[in-house]
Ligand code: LLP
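Given next, in structure tokens, is a single chain: the form predicted on its own.
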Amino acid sequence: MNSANQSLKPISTRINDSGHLEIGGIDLIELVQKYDTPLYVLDEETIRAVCNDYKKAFKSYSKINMMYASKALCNLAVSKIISDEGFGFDVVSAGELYTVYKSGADMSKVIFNGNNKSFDELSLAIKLGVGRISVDNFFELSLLNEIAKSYNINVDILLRITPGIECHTHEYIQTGYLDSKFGFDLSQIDEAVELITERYSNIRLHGFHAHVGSQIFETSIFPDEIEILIKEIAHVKKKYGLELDEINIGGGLGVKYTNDDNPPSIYDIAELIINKLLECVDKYKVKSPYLYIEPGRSIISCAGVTLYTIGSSKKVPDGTLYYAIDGGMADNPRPSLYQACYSAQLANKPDSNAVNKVTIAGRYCESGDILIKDINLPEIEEGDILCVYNTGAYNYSMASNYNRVPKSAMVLVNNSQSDIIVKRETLDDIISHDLIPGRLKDE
């Protein structure tokens, strides 16, 4: 059964009677005229559809906790939509934590993750009442117990472990293999459990958390991970008499950035996960645990597109034909960071025949600022609008003000209505935190 994460485009995408691309019932050229470019566009229908795919796919396992991985894209409106769909949140910073809190989300359904949480961040998490803290290392374990003791409360945790599984994604987005900055390795679990049971009286351990990577297409990864987690639960029960009842297998399910990508269906992954979990529960003689999953990219990525206006062009002696857009690596650093590939169309003439192989260059002062290399597009003119697909995840969330360029606006579309959910930055915003010391000012 197919799921929305397998779509290259938002599910409401179509070509309208004007011959333009339309998403959420709105002509993209009209959006540009109203909000300018570069412009992030999110389709609410697609976000809710993917959330429903996850809920339907896992409905046969009653002890399921869906947690949206906020790092993919975190703002108030997105948090509100996903909270309304019944999801909790995986957050990795005070900023994400505070955003989710201000959106009105149920903080008991929040997990705070990360490999170097500060004293202030952990204190804030406790004050806001997060449901679980995923502890990453011995330093954090000690610090968290100290903070919890100062508040005279007990804190509920999971231990994040490194399961030693290496998935075939870019090395920067692999997190489950042994040589990783994340988590306790398997040889350290006993020491951590002994500290919790014998010394750290303000910490309650509920289970284990692992995350094997991102943009995962390999279906065997999740069953392998479950086997390791359940085996460790059985080990702790046998050695310490401690019956843990939660496992968090992270997220990482892939999406379709180009026609060459073939990500698994949410339904197929869910069946594998549930069957393996039931098998391992029986095999290792433990009770069925609460299962946390943390999809991020697969929920938000295909819901988003980015619109750019095409400006200058250049043909070099080797034949490469460059067209420059009014954005690039500061609003989408993924191609420069780890050679991510994207698909695109001209929003104002999507039906026109592709006649040229071109390279889409960004406007930033780096020779590596190339958004899409060697893409076939129709005849391009200055002022054409380029629609780049599948940009909902890790575009705005990784955006910067490189070259002191203001960050782009974000608009939510649904049922022929558009709403700004992130304002476009201004030049005054750029300098709003700058200060000139008094000794440098003219007398």
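Numbering starts at 1 and runs along the sequence shown. Every value quoted in this text rests on a predicted model; they were computed, and no experiment measured them.
There is another form of the same protein, the form predicted in complex with this ligand; it is not shown, and what comes next is about it.
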Students should find that, of Tyr322, Tyr151, Tyr338, Phe119, the residue having a non-hydrogen atom no more than 4.5 angstroms from this ligand in the model of the complex is Tyr338
This ligand in the model of the complex has a heavy atom of only one listed residue within 4.5 Å, and of Gln345, Ser214, Thr162, Asn145 that residue is Ser214
Interface stretch in the model of the complex with this ligand - options 276 to 284, 245 to 253, 121 to 129, 190 to 198, non-hydrogen atom within 4.5 Å: 245 to 253
Could you confirm whether Glu225 comes within 4.5 Å of this ligand in the model of the complex, counting heavy atoms only? no
Does this ligand come within 4.5 Å of any heavy atom of Arg334 in the model of the complex? yes
Even though the partner isn't displayed, in the model of the complex is Phe58 close enough to this ligand, meaning a heavy atom within 4.5 Å? no
Would you please decide whether Met398 lies within 4.5 angstroms of this ligand in the model of the complex, comparing each non-hydrogen atom pair? yes
When this ligand is placed as it is in the model of the complex, are Asp90, Pro295 and Tyr394 each within 4.5 Å of it, taking any non-hydrogen atom of the residue? yes
Within 58 to 75, the residues that have a heavy atom no more than 4.5 Å from this ligand in the model of the complex: Ala69, Lys71
